[in-house]
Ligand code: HSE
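Take a look at this single chain, the form predicted alone, given in structure tokens.
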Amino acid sequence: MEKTKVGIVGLGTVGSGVAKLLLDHGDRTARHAGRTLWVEQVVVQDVKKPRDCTLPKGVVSDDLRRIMDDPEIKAVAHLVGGLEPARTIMLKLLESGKDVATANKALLAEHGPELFDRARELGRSIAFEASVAGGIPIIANISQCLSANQVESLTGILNGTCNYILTQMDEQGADYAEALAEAQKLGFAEADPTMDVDGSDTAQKLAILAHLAFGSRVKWSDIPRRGIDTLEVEDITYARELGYRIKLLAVAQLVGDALEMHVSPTLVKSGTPLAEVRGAFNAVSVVGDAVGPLFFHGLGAGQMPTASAVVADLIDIVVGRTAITFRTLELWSKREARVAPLDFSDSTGRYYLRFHVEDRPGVMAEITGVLGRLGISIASVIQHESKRGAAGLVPLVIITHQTTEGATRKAMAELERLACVRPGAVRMGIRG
């Protein structure tokens, strides 16, 4: 059978998984590609580091030129994390005539326009299914399978670390620090989990999906975002009492001619598909004007799910499908954005507000006075008895009717200035 030589740059967790699939299941990939994908060269930073796979002798080196200078290597799996040297390596690969499959969502979210423009200039292509939601084929579905649709909304759980932590807090009663430590012990969270838990990782993925689905040109760092790093078990408990689970949601939806985008912890109605996503799984809910609602669910990270997406991209590259799609979609091109971002203050929804307030007459009147003045209507209230040692404080939970992000933000600022309200009030959106 005809063979096509491929290269791999980076042999960490995902790179090792890609090598395993190509070396151990060559018959499977050959069946789909019509040729054998032959691992010709693997480039790593440290050749002496132990690897989670066995490679033929002489394949591994620390010299990128062994890939760049080999004209028979047609496709390269670019599995280097971070922004640099990942960006420089990508450009060198493209300029040496290689088509590239990458899993680096941060690189695309930050430098997508530069990299895609350069690839087009050189007649090369970049595949990136593995950059969002791991093994879930969401990139192909949005950019190709749903091309007859105008996507109306896209809502996702896009970070397995956060979803694992939230699941532990919900099901085991663990506080945030305990759940994070467990996630790190199991390898779901990095030693420095900041980009995951503060919502940045999710915002990077949302920027990519929104570009595909809506033609958005919003930088990921401009997407309003809040993470889960300040979430308390108390709010998990109240959410459950109200019939909800808290999830870190990425939302992009059309509102008239504008696109609402944000990342934030959200109360999601128990029993709905997104609310039931557990552990390190990811999910994406998409609504198209022709096809209606769709739901994608699977492992969003990990060695083999992500490697599965990378190898699928390599197959598409060598078969020629990627080149056609890449030229047609003109991703991250200089074309004007098809839709303008909505001012987040104007986004509407119901909200969960939680306070610790003084246990005395007149407090509720002070709070409702502020809400009423800002046009915020109350749907329900939960007020439990004060706990021992609470120094005369009681927890107060308010669920609002439909209102705006801007109104609730102003209300919280005013309410926290009241003498009867203690610092640390919480505000989250509600879905479903």
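The first residue of the shown sequence is 1; numbering continues from there. Whichever C-alpha set is largest while still superposing within 1.5 Å between the two forms counts as the rigid core. Since we're looking at a predicted model, the values are computed, not measured.
The protein also exists as the form predicted together with L-homoserine (HSE); that form is not presented, and the subsequent description refers to it.
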Taking the shortest heavy atom distance, is E190 within 4.5 Å of L-homoserine (HSE) in the predicted complex?
-> yes
Any non-hydrogen atom of K105 within 4.5 angstroms of L-homoserine (HSE) in the predicted complex = yes
May I ask you to state whether A250 is within 4.5 Å of L-homoserine (HSE) in the predicted complex, using heavy atom distances?
-> no
Contact label in the predicted complex: G160 to L-homoserine (HSE), heavy atom within 4.5 Å | yes
All three of D201, K205 and A301 touching L-homoserine (HSE) in the predicted complex at 4.5 Å, heavy atom to heavy atom?
-> yes
Any idea which of 228-236, 268-276, 255-263, 181-189 reaches within 4.5 Å of L-homoserine (HSE) in the predicted complex, heavy atoms considered?
-> 181-189
Within 4.5 Å of L-homoserine (HSE) in the predicted complex, which residues of 351-372 have a heavy atom? Give them in sequence order, or say none.
-> none
Can we say the CA of D257 moves by at least 2 Å between the shown form and the other one when the core is superposed?
-> no
C-alpha of E84: shift of 2 angstroms or more between the shown form and the other one, rigid core aligned?
-> no
By the 2 angstroms cut-off, has the C-alpha of E336 moved between the shown form and the other one once the rigid core is superposed?
-> no
